[in-house]
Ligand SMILES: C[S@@+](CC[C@H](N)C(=O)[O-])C[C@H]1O[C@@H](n2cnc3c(N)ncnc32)[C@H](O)[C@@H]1O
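Here's a solo chain for you in structure tokens, the form predicted on its own.
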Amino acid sequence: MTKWEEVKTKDNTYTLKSLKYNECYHSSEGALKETYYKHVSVMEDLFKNKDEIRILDICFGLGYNTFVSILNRPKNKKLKIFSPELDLELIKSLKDFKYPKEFENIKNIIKKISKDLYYKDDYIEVEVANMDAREYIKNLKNIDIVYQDAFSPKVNKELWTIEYFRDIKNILNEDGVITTYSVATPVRCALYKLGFRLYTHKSDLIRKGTIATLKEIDYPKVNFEEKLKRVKCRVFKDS
């Protein structure tokens, strides 16, 4: 039974539409474009001075976030990437996925992860865990940046609740950052209530998302306090 439909996006790269969730893994803006500007560019900018950058990629999906991070790894820096993914069949199929030409240089990495759910060399380590993200994150610590890229709260609420984000906060280090496409008020409310500062992306090449941090950064601020004067701060909860 077919679980996905192939979709060509505006930057001429391909994504899939999940028939289970009735949502695409990427927006129509472009799989490659969205991945870089919403997630990876923030990693490059904020953590270029660290010797090792620890990334949590929620969820692995087609692997764009992980693979574009590898392609844009700051020079001489190590990447350690952790990523949960429930759909094992999807991961096993990635060796044959129609990735953009930029991925040709890391074909060996894609094939290894597709086969073994793991890859390691002198500078890169990737661990894909075939398990529930909510349980997986409890085993992690000292994470620099979280790519919060799950399906939307409309179909996958459990990865957008305040309880979930509390667990994410517990595994971040003091410089920790969360990047996401979501600008939903309940998502921002959860982050705000947990003490995160809210920012948005610098680039005008994509629709703005949310960047949540535990300290000030040089990004456009989201004036969330002003919004709360007009709307109630409700959050998604586990129950």
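Remember, predicted model here, so these are calculated numbers, not experimental data. One-based numbering along the sequence shown.
A second form of this protein, the form predicted in complex with this ligand, is not displayed here; the remarks below concern that form.
Asker: Counting any non-hydrogen atom inside 4.5 Å, which residue from Glu104, Asp132, Asp96, Asp116 sits next to this ligand in the predicted bound form?
Answerer: Exactly one residue meets the criterion: Asp132.
Asker: Each of Tyr36, Leu46 and Gly176 near this ligand in the predicted bound form, meaning some heavy atom within 4.5 Å?
Answerer: Per the other structure, none of Tyr36, Leu46 and Gly176 touch this ligand.
Asker: Spot the stretch among 80-88, 165-173, 119-127, 104-112 with residues whose non-hydrogen atoms come within 4.5 Å of this ligand in the predicted bound form.
Answerer: Selected stretch: 80-88.
Asker: Val40 near this ligand in the predicted bound form, any heavy atom under 4.5 Å?
Answerer: Contact check for Val40: no, nothing within 4.5 Å of this ligand in the predicted bound form.
Asker: Is Leu159 close enough to touch this ligand in the predicted bound form, meaning at least one heavy atom pair within 4.5 Å?
Answerer: Yes, contact at 4.5 Å.
Asker: Taking heavy atoms and a 4.5 Å cut-off, does Ile143 contact this ligand in the predicted bound form?
Answerer: No, Ile143 stays farther than 4.5 Å from this ligand in the predicted bound form.
Asker: Within 4.5 Å, heavy atoms only: does Asn65 come near this ligand in the predicted bound form?
Answerer: Asn65: contacts this ligand in the predicted bound form.
Asker: Would you mind checking 47-63 for residues with a heavy atom within 4.5 Å of this ligand in the predicted bound form?
Answerer: In sequence order, Asp57, Cys59, Phe60, Gly61, Leu62, Gly63 come within 4.5 Å of the partner.
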